[in-house]
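Starting off, we have a lone chain in the form predicted alone, written out as structure tokens.
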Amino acid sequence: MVEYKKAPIKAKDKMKQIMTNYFLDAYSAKDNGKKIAWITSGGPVEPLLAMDIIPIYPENHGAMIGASKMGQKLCSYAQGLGYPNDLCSYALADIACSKGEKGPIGQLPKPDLLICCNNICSTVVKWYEIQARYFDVPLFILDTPMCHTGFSYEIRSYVEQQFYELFLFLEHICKKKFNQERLQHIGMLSIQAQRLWQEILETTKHSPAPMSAFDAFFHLALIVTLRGTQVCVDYYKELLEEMHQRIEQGICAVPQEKFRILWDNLPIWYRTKWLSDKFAQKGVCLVADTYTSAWCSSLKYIDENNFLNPLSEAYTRIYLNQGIDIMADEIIKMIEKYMIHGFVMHSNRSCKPYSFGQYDIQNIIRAQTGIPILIIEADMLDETKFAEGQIESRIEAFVELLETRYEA
């Protein structure tokens, strides 16, 4: 018999230092002759790195704002400027910070250019147009058609042409030739990081899981911000090794793990600890989620020998840019892989593309797997849309359903 115990993940402090160094480099970019590009979370970062441009992610900053519980204040400020309260809270917080309000790290370094890819949602287009006008900098929009049922030759050609236009755009901004050999090298680092990230997430197939999805929400930061760098690869090698050690030593996220659940949609950043504790107290471990796994879902489309060719498919066929049936199929595969007992869906008031269709997905999952499903209505950033008492009651009823189903 193994005596399971709980302990913090040691690599956490190192990741904080890496992120600190990342932002210090960004704030000193002008002094070092480098340019800053703000880019959407689903955008192609590798071409920027190939041109020595430092990428900054307003959505990642939004997550930091949420974790620091500053979302309500910043969203209210943006609403006072005339922006509606049903707009994406990431956009509201970002606009508020740009207009003079301060977030957890003050304000983001001012951009020299903006790169917007609409593979995650259409809101980002208007959001980035607002910021491009405010900062008076050039904006490149990469348009990726929705893949409702599959990926066609026409879509590939359309997106590929835009990538070549992006390279020309970057050449114009940086006043130098685009280096495709460097892109291939950075692409290989990006593939390595994504594979390592996938291996890290898959360590939770072990029961009890060495970490939870709440841990993955935190460690996701590097695959978003530093994908394509050696720093990211080295860190995830270390984190993967620590996960294997935790399994060997009986260290886990929930020592009394009874039920394994899957999460859908973005985290509720300002309540991750509350939710983690609430589930853990009842022997429930969030072992996987559709959000963090999205950053390694494009691996099946990548060609290691020619990173450039499959870029169009990899950045078009991401989780949120597909039809409901395809998304449901991905979830069912995760349910089988991670031996899931129940499914929790965050109906996120901010993220419409992620939340629209959840009830249809719920019906598909329920019909094909029969597992209990809980829907939580909240927002990733705005605390005013979180009803604690109601959500707590729903979690308790959900756990009772799990106990009735699996312990009877």
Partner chain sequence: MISVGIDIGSITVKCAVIKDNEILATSLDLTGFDVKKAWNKVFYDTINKANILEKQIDYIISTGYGRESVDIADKKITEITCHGAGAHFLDPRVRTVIDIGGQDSKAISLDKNGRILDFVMNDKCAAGTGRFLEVMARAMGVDLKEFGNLSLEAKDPVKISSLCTVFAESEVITMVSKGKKREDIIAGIHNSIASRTFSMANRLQISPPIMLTGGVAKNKGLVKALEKKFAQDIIVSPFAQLNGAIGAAYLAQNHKK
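Since the model is a prediction, treat every value here as computed from it, not as a measurement. Positions refer to the first chain, counted from 1.
Here the subject shifts to the form predicted together with the partner chain, a form of this protein not shown in this document.
Note on the interface: of 23 to 31, 49 to 57, 62 to 70, 370 to 378, the segment with non-hydrogen atoms within 4.5 angstroms of the partner chain in the predicted bound form is 370 to 378. Tyr359 belongs to the set of residues with a heavy atom inside 4.5 Å of the partner chain in the predicted bound form. Among residues of the shown chain, Gln17 is not one whose heavy atoms approach the partner chain to within 4.5 Å in the predicted bound form. For the chain shown alone, Glu400 is a contact residue for the partner chain in the predicted bound form, at least one non-hydrogen atom being within 4.5 angstroms. The partner chain in the predicted bound form is not approached by Asp13, whose heavy atoms all lie more than 4.5 angstroms from it. Shown here without the partner chain, the chain has Ile373, Leu374, Glu377, Ala378, Lys385, Phe386, Ala387, Gly389, Gln390, Ser393, Arg394, Glu396, Ala397, Phe398, Glu400, Leu401, Thr404 in 370 to 404 lying with a heavy atom within 4.5 Å of that partner in the predicted bound form.
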